[in-house]
Structures are given as C-alpha cells and as structure tokens.
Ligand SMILES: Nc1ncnc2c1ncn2[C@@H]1O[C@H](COP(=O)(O)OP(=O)(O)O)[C@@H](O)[C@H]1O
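Next up is one chain by itself, shown in structure tokens, the form predicted alone.
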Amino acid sequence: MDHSSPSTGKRRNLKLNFDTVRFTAKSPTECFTAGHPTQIERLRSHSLEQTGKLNISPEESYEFTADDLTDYGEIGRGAFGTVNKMFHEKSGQVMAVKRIRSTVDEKEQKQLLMDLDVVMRSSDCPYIVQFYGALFKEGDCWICMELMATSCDKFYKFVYSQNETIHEHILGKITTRTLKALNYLKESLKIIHRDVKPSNILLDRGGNIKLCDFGISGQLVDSIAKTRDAGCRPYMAPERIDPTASKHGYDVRSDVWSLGITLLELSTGKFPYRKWNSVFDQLTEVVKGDAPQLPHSENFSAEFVNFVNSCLTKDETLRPKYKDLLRHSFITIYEAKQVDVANYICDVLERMPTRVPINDNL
C-alpha cells in the first residue's frame, strides 16, 4: 500500500490519535477493544511524552529524552519507519529504537499499539524481546527495545551460502525457546502470534533466542481467533487460507504449523514451497496438496524429524497444541542438553558481511 497517498483520508497524528485504538486494562487477559479507559492512555499521559522512563531492569530506571540518546545509525527499515541503534549514556545501554512516523494510518497505529502492549506485558518472559521505554519527539513515537544481533532469516541464509548447515543442537534450542515464547503468549496474555517465521526469531551474541513482532497478534476468545486477513501468507496454516475452514476460526495450532514451516526452512536451507503467482496457486498447493515433510536423514535425529512433521499435520484437529509439543521427547532432550549457542552464533556473525546489529522487526 502507498502510505503517502492523500486519497486514503485516514491520516492522523500518532500522538493525537491514540484514542482511536484502545486496550482494556482490567486483567492480564485484557482484550484489544475500543472505547474503554486504557493502559495506552495512561502511557500517553505519563511516559509517551517528550520525557519518558527507561526501564533497563526492575532495579534500574531513568528519566530520559531523545537528547539523551546517541544515534549510531539506521540498522533496519519497515513499513512504519526505521530502527536505529542508539546509546543511552547514563545507563550505558545500547538499544534498538523503533522510530515510528507520526503519519502512519489508523491500521498501522493499531498494529503499533498491539506490538507495544504485548512487549510491555512480556517483561518476565526471557524468550521475548524486551521493551525499555518510549517517548515522543516531534510527533514521532520512539520505542526503545532490546538490541539483538540478527534474525534467523538472515542467519540461516548466510550459513547455507557457505555450504554449511545449522546443527540440530542449535535448532533444538531455537525450537524450545520459540515454543516457550508462544506458549507464554497463549497462557499468560491469551493471544496468538499469527506471524511466526524466521525473520521474527532474533539471535544475539550472548546466545539468546527471542521472539518479536506482535503487531498482528490476535486476541483469543475461548481459545479461538476469528480474523483471516493477518500474517505472512507463505507461513499460514491451511485452515487460515481455506475460506470454508477459516470462517470457523482457528487456534494456536495455526502457529504450530507456522513453526513447523519455519523449522523445515531452517533445517534444509530453503522455503518448502515454490513461489506462488496467485492466491489460487497457494490455495491449491497448501490446502489441496500434501503437507511438506522433513525427510529422515543422517543429519537429524528421529525425534527432530517427528517433531517437525507433527507440526505440519494438515488436519488441524490432529495437529498438536503447545502443551503436547512441550512434552515431546525432542523438547525434553533440548531443555536439558547444554549447548554453546553463544559461541556458535558469534562464530557465524564474525563471518557475516554485515556486522552491524539488525532489528528490522517493525
């Protein structure tokens, strides 16, 4: 969509239009609604101003303005604006700052606020990118986030370009941590991610693996999500693509499918479907065709192959939910197994052509 077009008639100043999209704040399972007293309103009046509060940890917080941040340059770009690497001198913290343009339209504002709300309420989950604080500068919203080194998308493409593969030990840790993040969203926040893919799983030099990008996360009502027009279509489950199935809604098993596609891509070095030229092509291949499967090979254990292929069960009623996957032997093995993820990630990052940290999860 061309966001610069004057014909949309939906332009608003981001700061003045927070009332158009609201969150109730009555419980941890608050729903995304309009017309109620909101957490976002309180943020706008207390922290989303020219001066904000930077919460580095429960014991360390600072009042700060945009002038307190040293800009090290752009490290990512998306539909809403840019991500810059910035340094806060008083805390010594380097961070990724999403700079959201004040001219984003109402749909984009809704996604921004959903993303902001999720990361703010996920501070106790070590597998979700952390939020530090936010403020406004000249109408633009600056969101300060934990800085990660790269995404699984960029990481795996470089690895395979070197005629190497990602070892199952690393895939095991990526799987367990991503699954725990998704389960946290469901159990603690009652939401479904809806956009699980390699570019939304981030890595850093400390060996941390974290989920990001919650702008299109959907609220679960009786564990069912209803909308069909959200998410990255290549990773969508069959029941979300098929109009006859999606009208009944879908649950976390749609994200289980996306996780399976993601793991298949990371373990083989390529996306399992051909490039589609139309929605009909996708409908034919994903909904009507056989599910992609990870073949048995000497490179992977039987537990990993079984885990991936169970995620890619076409019939969602037979596809496992998170509680089943968390009990899977592959997960229990890699929860207990000691793996030097940090050393492996650092080794690959040192060889990647771009060493600048990237957080293009807008």
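Treat the numbers as computed from the prediction; the structure is a model and nothing was measured. One-based numbering along the sequence shown. Rigid core: the largest C-alpha set superposing within 1.5 Å between the two forms.
Same protein, other form: the form predicted in complex with the named molecule, not shown, and the subject of what follows.
Contact check for residue 76: a heavy atom falls within 4.5 Å of the named molecule in the predicted complex. Although the partner is absent from this view, residue 200 contacts the named molecule in the predicted complex, with a non-hydrogen atom inside 4.5 angstroms. Residue 81 belongs to the set of residues with a heavy atom inside 4.5 Å of the named molecule in the predicted complex. Proximity of residue 239 to the named molecule in the predicted complex: non-hydrogen atoms within 4.5 Å are absent; the residue sits far from the partner. With the partner removed from view, the residue among 204, 140, 251, 153 that has a non-hydrogen atom within 4.5 Å of the named molecule in the predicted complex turns out to be 153. When the named molecule is considered in the predicted complex, only one residue from 135, 191, 181, 145 comes within 4.5 Å through any heavy atom, namely 145.
With the partner left out here, the named molecule still marks one of 252-260, 191-199, 172-180, 265-273 in the predicted complex; by a 4.5 Å heavy atom cut-off that stretch is 191-199. Along 86-100, these residues reach a heavy atom to within 4.5 Å of the named molecule in the predicted complex: 96, 98. Core-superposed comparison between this form and the one not shown: the Cα of residue 132 travels 2 Å or more. With the core held fixed, residue 96 shows a CA shift of 2 Å or greater between this form and the one not shown. Annotation: Cα of residue 86 displaced by at least 2 Å between this form and the one not shown, core superposition.
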